[in-house]
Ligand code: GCB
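So this first bit is one chain, no partners, the form predicted on its own, shown in structure tokens.
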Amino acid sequence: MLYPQNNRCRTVIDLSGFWDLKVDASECGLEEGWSEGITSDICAGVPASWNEQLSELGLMNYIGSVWYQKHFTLPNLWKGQKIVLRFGSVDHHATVWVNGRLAGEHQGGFLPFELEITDLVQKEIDNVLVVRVNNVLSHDTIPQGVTKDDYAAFNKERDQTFPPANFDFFPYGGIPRPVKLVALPHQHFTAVQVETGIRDRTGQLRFTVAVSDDAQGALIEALLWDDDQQVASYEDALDGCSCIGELQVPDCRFWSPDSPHLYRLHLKLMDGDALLDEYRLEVGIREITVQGDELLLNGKPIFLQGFGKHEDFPVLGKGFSYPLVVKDFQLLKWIGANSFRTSHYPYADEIMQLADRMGFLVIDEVPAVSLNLKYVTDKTLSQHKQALTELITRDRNHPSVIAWSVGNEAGVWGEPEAVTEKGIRYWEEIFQHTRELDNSRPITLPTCVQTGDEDPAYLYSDFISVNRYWGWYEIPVKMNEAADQLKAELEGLYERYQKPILLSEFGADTIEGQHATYPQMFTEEYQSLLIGKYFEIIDSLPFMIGEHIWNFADFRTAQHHRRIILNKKGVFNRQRDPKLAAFVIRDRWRLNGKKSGS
């Protein structure tokens, strides 16, 4: 699946805007024929979650089905072309009809999917697009859902949230990313995959392209450009529907956070002198490896400074917004971060594109958050693998993506299956599947304190990622005692597994404007104190490869007595105003990009 782009052969129409919306709380829409079209006086903005924008209509905490409708007309110039409908994501299950005919469906949020609708559209009159969106999760889905019975089975009734969620962020629903119509020539590129490496000062770029069945035997031209200069080229006839080529780039400008240089790969599909299709891809040439206790970018050690983040903003929910993405990236630059993790799901395509351009290092995470190994089924495993396949297929060409995260905090419910044979078998299969899809990047899995040093993730991860909250959830206020516990745990993990360690989460909830002259939880001073103490521990341990603070900005969660509407661990509030800790972190991270004291 290629990201939509306008060029001489391809045309894209963005369907963002106001859509008709109808709530299906009784799940009667299918029986009553809503797939033919809906009548409603409610409209919703797309892209966005339905929750906050329609809270006055009772949708803030709604879990169930909602139907969306959009009318569109095709340009005359699209006659004779292949028509594809692309959703950036739908949370979490989508069924799509065009003019009353089923176009297809997709299970799983946070990732794009495409449906060919060439034979379903009307070329000269109005078309009706209807999408049934359902945000119900279960034990079989990724992420998993949770029930009241689950809470009771684990004696965790006090941990119940409203609406029920198996994770500590809000269970939004809707169409949060752009929906696009794409016109393609019938003979076209269907996939492009690149891998890069370095040898001395020479960059190596290996590319694989796939084309539609009726383009067999056509000619492939590949041109690599650096600004306005062509630096390498390749030409060959297709062998069936695919082609593998290699380009060498002498005196290569390697991609890095300090110099995020992007070459432009221009691919052409030719029939003699006739251009059948073309596609342009920005390519960063770089190499990422783990050696000993170090994470190496282009053969040089790199230390990760950054955050876990969320796609979350007032009114939009998880809805995509270009200005918001720019603001977040500018704040990341301002504070001195060089990296972030896409906690706890893949982010929008456009976010990954901007990370490439601005030189951020990204740990790309699949939405297997808080996986309960007691309840995983064959369907859960299948959904998990599908999400990994879709994620890696979408993001493997991004130089910013330096590692895959195959989940987050499995076993947080304390189920014994997380650290016994069932958990070991499950993660062995997931890690193996990931390596088969892409062996050019390290793989990791952030862990929680409940699984201790027995977590199966440590066996298979290329570097260890730990989420720890000593001084907050465990041993609150007694910061020196909490720091001693953290240091002892990190030293024990390294001694046992001999792998570099990323502290992938740490932090404290903070209400902006609350202050104290003594250690007082929820004050801005306490957040700064805790983060500073963690910095001291990290600096004292030579096997640490990074520090990712939880969280970049406050975000909405399901309602619970320990959450004041939001998770307040952000160093920026939800509107992106800085708290005191932001300035403490900036003082550290702006010291030439190194750990303090190094």
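All residue numbers are counted from 1 along the displayed sequence. Note that the structure is predicted; figures quoted are calculated from it, not measured.
Below, we refer to the form predicted together with the ligand, which is not included among the displayed structures.
S.K.: Spell it out for me: taking the ligand in the predicted bound form, does every residue among 409, 505 and 569 have a heavy atom no farther than 4.5 Å from it?
M.R.: Each of the three qualifies.
S.K.: Which of 311-319, 463-471, 102-110, 434-442 has heavy atoms within 4.5 Å of the ligand in the predicted bound form?
M.R.: Result of the contact check: 463-471.
S.K.: Classify residue 534 as contacting or not contacting the ligand in the predicted bound form by the rule of any non-hydrogen atom within 4.5 angstroms, answering yes or no.
M.R.: Judged by the heavy-atom cut-off of 4.5 Å, residue 534 is well away from the ligand in the predicted bound form.
S.K.: Give a yes or no for residue 560: in the predicted bound form, does one of its heavy atoms lie within 4.5 Å of a heavy atom belonging to the ligand?
M.R.: Outside the cut-off, so no.
S.K.: Would residue 34 sit within 4.5 Å of the ligand in the predicted bound form, counting heavy atoms only?
M.R.: So residue 34 does not count as contacting the ligand.
S.K.: Indicate whether residue 168 is a 4.5 Å heavy atom neighbour of the ligand in the predicted bound form.
M.R.: Close contact exists here: in the predicted bound form, residue 168 approaches the ligand to within 4.5 Å, heavy atoms only.
S.K.: Quick one: from 344, 384, 132, 92, grab the residue that has a heavy atom within 4.5 Å of the ligand in the predicted bound form.
M.R.: Exactly one residue meets the criterion: 344.
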